[in-house]
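A single chain, nothing else alongside it, follows as C-alpha cells in the form predicted alone.
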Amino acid sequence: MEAYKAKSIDEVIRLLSQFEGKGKVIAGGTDLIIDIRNKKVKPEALIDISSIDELKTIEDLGSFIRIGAAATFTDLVESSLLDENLYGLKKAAREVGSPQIRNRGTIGGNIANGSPAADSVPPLLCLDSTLILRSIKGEREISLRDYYEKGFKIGEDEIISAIQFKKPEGRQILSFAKLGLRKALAISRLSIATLLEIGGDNRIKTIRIASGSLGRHPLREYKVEEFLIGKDFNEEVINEAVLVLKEAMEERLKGRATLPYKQRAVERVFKDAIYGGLERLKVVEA
C-alpha cells in the first residue's frame, strides 16, 4: 500500500483519479484504519488530507456556514460560529466518542462512513445541509438528504470538500439528544435532532426532526413534522407526536429485535431534544 501526504485539494483529486477507485482518502482514520485491519477494504493507496488547511476551516459566509470536510469534532466544539442557535451541532460533536476520537475524527469522515449512528448527521439533516464534492471534473453539490434518501453516491474519484448550510433564522433553535449504552464513549443506540421555531401565538412555526439509528441510515421524520407544524406547543401535542414517531418506527423496524427497546427509549430522547431546544433558546435570548 502506498501512502501520500497531500498538500492541496488538487493533489488529492489528481491522486484519486490516478488510482481509479483503489485509493482511499484518510483524515482521522478512526473508521478506515479499523476496516483495513479487518480486511473490509484493501486500498492500493492512502491519501492523507489532514494537513490541508482549506479542508479544516469553519467559515461564516453571511447567510451560510461552511465546514471543511477535514474539520475535527474538536474543531466544531471549539468554534464560536456554532454557539447560540446552532448549539445542537456542537452538542452532537461534543458527544462523539472519546477526546482522542474527537481530536482525530472528522465531520466529512462521519458522513462518508455511512453509519446509521453518525452523531453529526441528524443535526446536519435538520439544517438542510449540502455536500460540496470535488473531482478532476470539477465541483458539484448534492443535498445531504438526497445522499441518504435517494442513494446518491460519492464518486470514487471525488472528495467531500465541505458541508454547507443556511444559518437558522430568528428564533429557530437546533438541538440534539442521544442514548448510548453507557455514559462515555458510547455509539448512539438512537439519536434525535430538532430544528424548532415557535411563533408569538405559541404555535409551531418551523419544525424539522431527524433521527439516527432508527433506520438503515439517518433520516428526516417527515410524518412527525407534518403532525406538529402549526399546532400549539404543549405537553399534550408533544405526547401525540411521540405516538406518531413510534408508528413510523414500527413500519420501518418491524421484525427487528431492537424495536421494543427503541419504542420505549425514543420518547425520552425525543423530549430531551425538543424541550432541550426550548431551554437553550431561553439562554440565547436572555
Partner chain sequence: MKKISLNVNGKDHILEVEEDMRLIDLLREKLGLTGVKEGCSEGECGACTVIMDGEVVNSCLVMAFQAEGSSILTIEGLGDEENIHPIQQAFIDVGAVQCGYCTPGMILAAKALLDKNPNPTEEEIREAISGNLCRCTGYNKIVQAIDRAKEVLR
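Note that this is a predicted model, so its numbers are computed, not measured. Positions refer to the first chain, counted from 1.
Note that the form predicted in complex with the partner chain isn't included here; everything after this is about it.
Note which of I34, V41, L61, L243 lies within 4.5 Å of the partner chain in the predicted bound form, where distance is taken over heavy atoms; exactly one does.
In short, I34.
May I ask whether A117, E158 and G215 all come within 4.5 angstroms of the partner chain in the predicted bound form, judged by heavy atoms?
Not a single residue of the candidate spot has a heavy atom within 4.5 Å of the partner chain in the predicted bound form.
Can you tell me which of 217-225, 257-265, 41-49, 231-239 lies within 4.5 Å of the partner chain in the predicted bound form, counting heavy atoms only?
Residues of 41-49 come within 4.5 Å of the partner.
Closest heavy atom of I198 to the partner chain in the predicted bound form, within 4.5 Å or not?
No, I198 sits far enough from the partner chain in the predicted bound form that none of its heavy atoms falls within 4.5 Å.
Even though the partner isn't displayed, in the predicted bound form is G170 close enough to the partner chain, meaning a heavy atom within 4.5 Å?
So G170 does not count as contacting the partner chain.
Decide whether G138 counts as a contact residue for the partner chain in the predicted bound form under a heavy atom distance cut-off of 4.5 Å.
G138: no contact with the partner chain in the predicted bound form.
How about M1 - does it come within 4.5 Å of the partner chain in the predicted bound form, if we only consider non-hydrogen atoms?
M1: contacts the partner chain in the predicted bound form.
Let me know which residues along 79-104 have a heavy atom within 4.5 Å of the partner chain in the predicted bound form, or say none if there are none.
Read in sequence order, the residues that approach the partner chain (within 4.5 Å, in the predicted bound form) are S98, P99, Q100, I101, R102, N103, R104.
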